[in-house]
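Just one chain follows, in the form predicted alone, and it is written as structure tokens.
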Amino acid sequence: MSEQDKVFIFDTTLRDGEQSPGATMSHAEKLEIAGLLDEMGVDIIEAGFPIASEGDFAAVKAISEQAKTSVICGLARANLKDIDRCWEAVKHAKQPRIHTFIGTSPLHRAIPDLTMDEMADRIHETVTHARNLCDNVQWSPMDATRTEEDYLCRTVEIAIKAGATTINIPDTVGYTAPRESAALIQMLLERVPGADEIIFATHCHNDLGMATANSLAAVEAGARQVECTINGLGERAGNTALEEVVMALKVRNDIMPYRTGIDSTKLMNISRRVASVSGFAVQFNKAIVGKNAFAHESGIHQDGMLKNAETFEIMRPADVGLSETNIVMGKHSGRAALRSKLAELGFDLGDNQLKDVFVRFKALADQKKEVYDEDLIALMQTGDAEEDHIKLTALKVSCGMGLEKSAEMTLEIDGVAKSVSATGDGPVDAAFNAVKSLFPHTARLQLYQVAAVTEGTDAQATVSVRLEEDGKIATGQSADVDTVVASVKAYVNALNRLVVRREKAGGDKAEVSYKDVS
């Protein structure tokens, strides 16, 4: 690709991203993330701020020594001591870069109390010093989007003449809008002598939620380097997200015919790793790498996806490193999606079966935010049979420290509803005693086992019960987000199977009939 077509990706996850409060990474973690960025094809890695601490210096130096293809950059303020320290850290890289900056807006000029002329002199001195050490120098006028245009043009021209090869235009406080971002780059290209001989970069913050849009607008106007971070990590609301820029350029090459050297299939892997080491979880609905980015719950969307994935997806999950689209089963899912998902899980249902399962699925989906594959498997394995003689229709338990454990229960037995109250050592024991009161039997409980189907506090509990009576063994299973309810359903399921076994053996169902409790 030509230089005009290429967009250089400058990742500052290890510098700006780590400045997020609480996002500090260990030395080993920084080296790991840098290795992943290098492997993914990031053009420039801003590895840290060497003057900030001994740890930062050591990390930048180590990253410089291990990098295979990426340019390794260090940040330095506009003073000779910072620049020298930065060079000591990055000089070991195959391709080193010094990035120096100073705040040029009226607000930032007031901090060091420099006049416009004094600041101009400092820019010339420090950029010249950096270029004498390294032939790859980047300069940034911090808070450029709030700097007077004439003065911004003046300082950019000074930096170019002093030897800067990249000029970065930061929207430090995330204040600008896409149209302004593009106009600023275009203005600099038109007004600054030598602007056509260097690369313009854009560094956008996300305070108003427009970082990626501002970066892409700058690219359309002529910027050829985008500064970004994995997952948009960064100060305050964060930065332009690397994954968003890369995929936007890939998907919308009809209006932005530019290319990057990024291997996008590694995006999901590094996104998850950065989230893990930084402690900043990726929000579910985040573009590209969020858990829901390729998830579909709406019945209409799911039906369309099953017929043609392009109806509701503008990129393939494989493009970012996912194996497949995740059709999330929830309360908005339709029959077609349920049938398809169950077929994937090995359940081939007829229309009548699907109708029955769909009713129970909807009941479960109303209780859980998300129905996992394991939930559906449990649903299929513990479904209520139409010939059940005993059905649980109501249950209320009471328990707690210092309280009597009791259960109020209604069972429908051969179509007749009966209710009872019972006590026990705990809520499950009280509930089982209630079943025994309503349906007397001599079956002995051999096994009672509880397991969570999935993670989370709303996970279904799968309960397994094994009963033995007169040498006959019957097992029952049930799953429910309420463990006690699941326990009773499993117990009743086992009793129903005992009844069926008696009938098949020629016994009288009345032998295990219910007790008439009024």
Ligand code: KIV
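So that there is no doubt, residue numbering starts at 1 and follows the sequence shown. Note that the coordinates shown come from a computational prediction; the quantities given were computed from them, not determined experimentally.
Another form, the form predicted in complex with the ligand, is not on view; read the next lines as being about it.
J.: Within 4.5 Å of the ligand in the predicted bound form, do we find a heavy atom from each of Lys6, Glu220 and Thr260?
T.: Spot residues vs the ligand: no contact at all.
J.: Between the options Pro96, Gly330, Gly232, Pro170, which residue brings a heavy atom to within 4.5 Å of the ligand in the predicted bound form?
T.: Flagged contact: Pro170.
J.: Of Asn206, Ser140, Thr155, Ser271, which residue is found within 4.5 angstroms of the ligand in the predicted bound form when only non-hydrogen atoms are counted?
T.: Selected residue: Ser140.
J.: Work out which of the listed stretches, 98-106, 251-259, 313-321, 155-163, brings a heavy atom within 4.5 angstroms of the ligand in the predicted bound form.
T.: This holds for exactly one stretch, 98-106.
J.: Test of understanding: in the predicted bound form, would Asp16 fall inside 4.5 Å of the ligand by heavy atoms?
T.: It does: once the ligand is placed as it appears in the predicted bound form, Asp16 has a heavy atom within 4.5 Å of it.
J.: Looking at the partner-bound form in the predicted bound form, is Leu75 within 4.5 Å of the ligand by any heavy atom?
T.: Result yes; Leu75 sits at the interface with the ligand in the predicted bound form.
J.: Which residues from 78-93 come close to the ligand in the predicted bound form, meaning a heavy atom within 4.5 Å?
T.: The stretch 78-93, when checked against the ligand in the predicted bound form, contributes no residue at the 4.5 Å heavy-atom cut-off.
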